[in-house]
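The data below hold one chain only, encoded as structure tokens and taken in the form predicted on its own.
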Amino acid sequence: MMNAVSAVTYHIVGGGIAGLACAWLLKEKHPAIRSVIYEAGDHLGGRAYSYQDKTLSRVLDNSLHAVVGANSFMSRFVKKSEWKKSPLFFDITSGQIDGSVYANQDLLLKSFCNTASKDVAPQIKRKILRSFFPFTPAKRRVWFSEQNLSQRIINVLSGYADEVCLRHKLHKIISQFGMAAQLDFGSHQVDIGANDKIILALDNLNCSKILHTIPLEHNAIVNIIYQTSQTIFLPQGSSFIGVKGGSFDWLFSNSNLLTAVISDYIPEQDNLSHLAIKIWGEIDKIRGVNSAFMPAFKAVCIKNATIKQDIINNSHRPDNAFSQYPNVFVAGDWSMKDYPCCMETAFNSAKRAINTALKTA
């Protein structure tokens, strides 16, 4: 059993964007407070990290992440010259190209929320409209990861924690007199000091097991990454394009990689290899070519990518960062009722959890 430390420690469980942002906020504004991150896996980043892929023999992001210019948190990591212009939209059926954000709002909303536009909770729709409109040119710009999530974001944020403990999966919280007294990691327990705080920056499914709450419904995302022999150029020189009437929603071009993204994916819907072949035919149509062969590809389905952001799920999301324990607080994009699940919301949830915890000191 580890001994409790004498200094105030914030025990951050979960090394994703929300957990890393908690450590960053503490170090920036309250450097005297010690922070420890406990991560169940062998790397930090949660749903946003890079890894060495054996299939394509190169570093890949676990999932392509796109961020719009209205996200103030990500602006800290992206230079002005790196923001891309507003996307074009290609209609597979008609072959028409347009750049109207209004005409393609259903596709944009589906992408923001990983939920069919018609199902997105009205409160979340309003939050998106208030956050991103008037849709100025600066807000309309987009940055997307180029197999550098760990290098660009995760490695930078991880330096703010005083200690990082990998392969530490939390089994349960042991309480005493109504307070969280120990974190039980199975092989050992960590004592919680009288003035210490715990931030549960876990995904909804794992957090529900620890706090014994009802888990929320989740939607999947599919990324199909094609490795080509040369750089593929999209219509009008765009580096990314929205797709209407096709088998996928977005196509991103980065050097010799093309990434097709499907939001709100139904895992039982298709065999991923067959889907990749079908999508490559649609990519040919977008490019106006007939490929002689299909390149090597990597298809990844992230089954629990985000919670379904409909009315029912949104109503069950927390109203605040409190838990049943006075010294335990919750963070994570899923925990922010009325907000779309994204990196910006994860950061905002960290800010809320830290501020709430500090006020209860």
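Just count from 1 along the sequence shown to find any residue number. All of these numbers come straight from a predicted model, not from anything done at the bench.
As for the form predicted together with a small molecule, it is not shown, yet the points below apply to it.
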| property | result |
| --- | --- |
| The small molecule in the predicted bound form reached by all of 76, 197 and 358, non-hydrogen atom within 4.5 Å | no |
| Residue contact check: residue 313 to the small molecule in the predicted bound form, 4.5 Å heavy atom | no |
| Distance check, residue 327 to the small molecule in the predicted bound form, heavy atom within 4.5 Å | no |
| Contact label in the predicted bound form: residue 63 to the small molecule, heavy atom within 4.5 Å | yes |
| Contact label in the predicted bound form: residue 25 to the small molecule, heavy atom within 4.5 Å | no |
| In the predicted bound form, the one of 33, 48, 36, 321 near the small molecule [non-hydrogen atom within 4.5 angstroms] | 48 |
| Option touching the small molecule, based on a heavy atom within 4.5 Å in the predicted bound form, out of 121, 108, 170, 257 | 170 |
| Interface segment, criterion being heavy atoms within 4.5 Å of the small molecule in the predicted bound form, picked from 52-60, 332-340, 288-296, 25-33 | 332-340 |
